[in-house]
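Only one chain is shown below, in structure tokens, and it's the form predicted alone.
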Amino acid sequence: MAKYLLLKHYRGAPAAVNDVPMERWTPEEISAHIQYMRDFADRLERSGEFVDGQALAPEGLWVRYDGEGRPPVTDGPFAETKDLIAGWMVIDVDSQERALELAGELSAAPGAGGKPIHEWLEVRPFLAAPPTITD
């Protein structure tokens, strides 16, 4: 089994087929989308392929170390950057093909008008082992 991260983006990915921003959806459309995500996760949990998943708020900050005894440096709000992560799901599957199959299914979550979004999802494998450094 291999773990994969499925990333949903607010922006920064290619445009979805049903590219209506969520802030323009009706409450019913938002509820249908969330229910689809819950049902998808529940099904994967039953099959043993679900690890975790969360939706993220658009707010956030970039933070970095600025030296001993100094407060961390922040830059933000994060929402001003060009690429925002809307949420993520971690799956544990037998193959990359299965990860791609599930990501394709997840991209069909309903959006505006109840039609599938067909959004682009970023699929990233977990690093299986630390890279080996040779001289």
Partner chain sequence: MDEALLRSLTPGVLGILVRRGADFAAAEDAVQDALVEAVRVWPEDPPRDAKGWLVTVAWRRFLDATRADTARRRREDLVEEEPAAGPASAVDDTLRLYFLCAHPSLTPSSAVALTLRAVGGLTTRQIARAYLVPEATMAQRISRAKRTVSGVRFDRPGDVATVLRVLYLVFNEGYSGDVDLAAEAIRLTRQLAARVDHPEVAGLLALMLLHHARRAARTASDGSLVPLAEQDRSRWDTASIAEGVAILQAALARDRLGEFQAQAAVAALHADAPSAEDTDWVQIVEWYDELVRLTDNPVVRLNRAVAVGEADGPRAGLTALAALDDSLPRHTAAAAYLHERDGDLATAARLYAEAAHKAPDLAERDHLTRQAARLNARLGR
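Predicted model only: the values in this text are computed from it and were never measured. Residue numbers count along the first chain shown, from 1.
Form predicted together with its partner chain: not shown, discussed below.
For the marked spot (48, 96 and 128), a heavy atom within 4.5 Å of its partner chain in the model of the complex is absent from each of the three residues. Segments offered: 48-56, 102-110, 61-69, 88-96. Contacting its partner chain in the model of the complex at heavy atom distances within 4.5 Å is 48-56. At the 4.5 Å threshold, heavy atoms of residue 10 reach its partner chain in the model of the complex.
Residue contact with its partner chain in the model of the complex: residue 22 places a heavy atom within 4.5 Å of it. Not displayed here, its partner chain is kept clear of residue 43 by more than 4.5 Å at the level of heavy atoms in the model of the complex.
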